[in-house]
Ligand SMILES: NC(=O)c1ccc[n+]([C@@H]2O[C@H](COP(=O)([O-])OP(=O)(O)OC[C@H]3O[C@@H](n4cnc5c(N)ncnc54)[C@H](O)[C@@H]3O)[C@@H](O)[C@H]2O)c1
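Below sits a lone chain in structure tokens, taken as the form predicted alone.
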């Protein structure tokens, strides 16, 4: 597979490293509107061709697939151009900033018969796949209650830099720069985390979004700091289960922590994923009487990058595809509507 990397910001470094390590994949070109940035990126990753516009890259055309690592707000426009040119697309999350655009992207990819995937990166967590297998096996019984959270603290500590000075963080706080806040940035991750493990789709959503004051006049330079910082969501699921989900960038003491709890008629599981490791625990069978929990292991799984490369080779899309990501975006759009109207929304 000959790959073009579109956008050479922070996330692109991961794409370049992961794809370059896959046998049979060659990163042949990269694109960024900033000449000095794309040149430096190409030098770091030994990429031969550089472009400062997607149009020029498509005119050249000597690649099979695109890793779209552009900012959220331009995923739709750039991906549609790549699909129109017959290129397979691996897109960063979220697929688009609203459901209508995400659905259009899924429709276009399917109509063209092109491989499409979204980099919902926590699908790379082996314990998440083990959790899904446990649910599918029936060991937990029918799922009745779900809890999920995604906690970050980059608004309260400088591990990854100073949010009030670095554009890579500031844009995430500004709707005018294409951000749907914590809901769009990491809400899609924890929603996929829960939906994938439980194997169930939401049917109803209620949500409260909140933006906290962070600077005088809620503005720093060109950035109006109006995107949501925290959300609390309640969900109904197709089998009658209910769930609660929340996320925040104000979670002091948590660098990047995902937590999932699934409770069924026969048992429960708890999955915790942090920067320092992952733990999957279950309470099953006779342990229910003692509320005793046991940690279980999980075999490694292939990464999204490896899965996409294999999909392009076979010509068959693998999950998580555009259609799945569009359905997640539909739930997020309804969460925004629920907050606006202070009423639950049916999916």
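This is a predicted model, so every value here is computed, not measured. Positions refer to the first chain, counted from 1.
Here the subject shifts to the form predicted together with this ligand, a form of this protein not shown in this document.
Chemist: If you check in the predicted bound form, is residue 39 within 4.5 Å of this ligand, heavy atoms only?
Modeler: Residue-level check for residue 39: no, no contact with this ligand.
Chemist: Quick one: does residue 72 come within 4.5 Å of this ligand in the predicted bound form, counting heavy atoms only?
Modeler: Although this ligand is absent here, residue 72 would touch it in the predicted bound form, with heavy atoms inside 4.5 Å.
Chemist: Check residue 171 for me: does it contact this ligand in the predicted bound form (non-hydrogen atoms, 4.5 angstroms)?
Modeler: Taking the distances in the predicted bound form, the answer for residue 171 is yes, it comes within 4.5 Å of this ligand.
Chemist: With a cut-off of 4.5 Å between heavy atoms, is residue 98 one of the residues that contacts this ligand in the predicted bound form?
Modeler: No.
Chemist: Of 116, 119, 228, 79, which residue is found within 4.5 angstroms of this ligand in the predicted bound form when only non-hydrogen atoms are counted?
Modeler: None of the others qualify; the residue that does is 119.
Chemist: Which residue, 334, 11, 25, 326, has a heavy atom that falls within 4.5 Å of this ligand in the predicted bound form?
Modeler: Checked against the cut-off, the match is 11.
Chemist: Which among 244-252, 85-93, 191-199, 133-141 is in contact with this ligand in the predicted bound form, heavy atoms within 4.5 angstroms?
Modeler: The contacting stretch is 85-93.
Chemist: Spell it out for me: taking this ligand in the predicted bound form, does every residue among 7, 33 and 185 have a heavy atom no farther than 4.5 Å from it?
Modeler: Yes, all three are in contact.
Chemist: Heavy atom within 4.5 Å of this ligand in the predicted bound form: which residues of 316-340 meet that condition, in order?
Modeler: Stretch hits: zero.
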